[in-house]
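Next comes just one chain, in structure tokens: the form predicted alone.
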């Protein structure tokens, strides 16, 4: 079953830069596959698989959407999913009013116009992606998540090709952490170099043990549906119980996975950016930077973090803040 439709710009407030949103490295999910001018991804709609192909000609839309599925869907259900994933319900006009009132944030608009939150369509995938992103490059963690999907996720065939859903926690618990564990499980029936069906083979390194522990917590101790119903502060504390989830990763999950836009993820780069812009370069601790961001930017904290990082990458500020080797 194939359906084509458009989402007109009057259905969302402010511009949308689809490419920038998808490719900005948000840890909700890897970037969607781009093919023949469309971004492709399989999502679950009403508990059924549906391939979404989406493109936009300019910042003002419209969004052109093609769906493929063996199941029948209401267009409204698919539109609701797209609205949620691409933050189309977020009012960017209001955001830009807020940014314009702060001289330090105003320059971000030029570099980030149309950049929206790229929200998770699979919260558990967002959890594992956020853990995998710690001290890692965007390219590497994207590749790791994609490999996990291809190795252990359910495969679905569409006219446009094969796509995979991210494996559920129960499946991840069955996966060996590294090649030695895989060798032990197979009883030595293959050589060590042939053991490529483990988490380490996906390039997650030391994070493999955290991924296994996180899967165990989600299946036995933490109900993601309950966390999504909590207020921001309570949800933040709940996620910190998961091994491998520190304050930055917890805020990433809450922002990109659960859409809690008051979250303010702080890594070493955001710390340096905030210190440079708001503290005259003075050294301030990560916890204090996080609280500053939450209090200073309020409901726009998540967007400010996203915009500041992209602005710093593209404007040269990030390079300026990079530590130099002393002679």
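Residue numbers count along the first chain shown, from 1. Because the structure is predicted, anything quoted here is derived from the model rather than measured.
The next section is about a form of this same protein that is not shown, the form predicted together with the DNA.
- In the predicted bound form, at least one heavy atom of residue 269 sits within 4.5 Å of the DNA.
- Taking non-hydrogen atoms only, residue 183 never approaches the DNA to within 4.5 angstroms in the predicted bound form.
- Using a 4.5 angstroms threshold between heavy atoms, residue 242 counts as touching the DNA in the predicted bound form.
- Proximity of residue 119 to the DNA in the predicted bound form: non-hydrogen atoms within 4.5 Å are absent; the residue sits far from the partner.
- Judged by heavy atoms within 4.5 Å of the DNA in the predicted bound form, the contact stretch among the candidates 101-109, 214-222, 88-96, 200-208 is 200-208.
- Scanning 237, 157, 135, 191 against the DNA in the predicted bound form with a 4.5 Å heavy atom cut-off leaves one residue, 135.
- 247 is the sole member of 123, 247, 114, 161 with a non-hydrogen atom lying within 4.5 angstroms of the DNA in the predicted bound form.
- Within 4.5 angstroms of the DNA in the predicted bound form, the stretch 140-168 places a non-hydrogen atom from each of 140, 143, taken in sequence order.
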